[in-house]
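Here's a solo chain for you in structure tokens, the form predicted on its own.
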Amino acid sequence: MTALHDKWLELADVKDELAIRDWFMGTSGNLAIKVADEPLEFLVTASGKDKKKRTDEDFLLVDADGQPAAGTLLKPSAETLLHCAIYGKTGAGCSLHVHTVANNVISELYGDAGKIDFQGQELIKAFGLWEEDAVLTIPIIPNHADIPTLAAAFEPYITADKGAVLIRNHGITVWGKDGFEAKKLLEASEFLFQYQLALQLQLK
């Protein structure tokens, strides 16, 4: 098997697992996985596809600028520039972007603060935070309709090989060393968002 084929299968498996969770409503969301460093190439979901199905046209290979690396009729996902920024600044190997009700509501509730903090919750350990008083901070950035503007707002928060950023009333983008780590961070983030919303209901 080639590296491209291996990465295709890895990303397809992640897509299937997230689809089971119903995290791709209305063909939303996009996924990417790095195939090569020099030159940078990565697979990204094709725009407008039903991500609950597995087909030969789910992904296309793009370059460091998010442009197709070979002739194709497929169009890269709208937020491909976010994945370009991640791979251009870090050693991450996989990045995932999904829209859920929980992450949208959290982003609106805490959007004016520009972040949401979690402390004392077990699931922050997914981010490597094991200290007793550790705090996980997930930034929240404005939802710019212009993707280059959105990418420019997103880029300052790409400071490590794994992380997460919320886009207000849009969705979350996470990244990690491979598909397993990126999915772990996404699942942990979504758990924390649902926890926070449930907690607020109990406190009312």
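Source: prediction; values computed, not measured. All residue numbers are counted from 1 along the displayed sequence.
If you look for the form predicted together with a small molecule, you will not find it shown, but the lines that follow are about it.
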Contact with the small molecule in the predicted bound form for Ala78, defined as at least one heavy atom pair within 4.5 Å: yes or no? yes
Looking in the predicted bound form, any heavy atom of Gly179 within 4.5 Å of the small molecule? no
The small molecule contact in the predicted bound form: Pro148, any heavy atom under 4.5 Å: no
Looking at the partner-bound form in the predicted bound form, is Pro39 within 4.5 Å of the small molecule by any heavy atom? no
Among the candidate stretches 65 to 73, 156 to 164, 22 to 30, 132 to 140, which one is within 4.5 Å of the small molecule in the predicted bound form when only heavy atoms are counted? 22 to 30
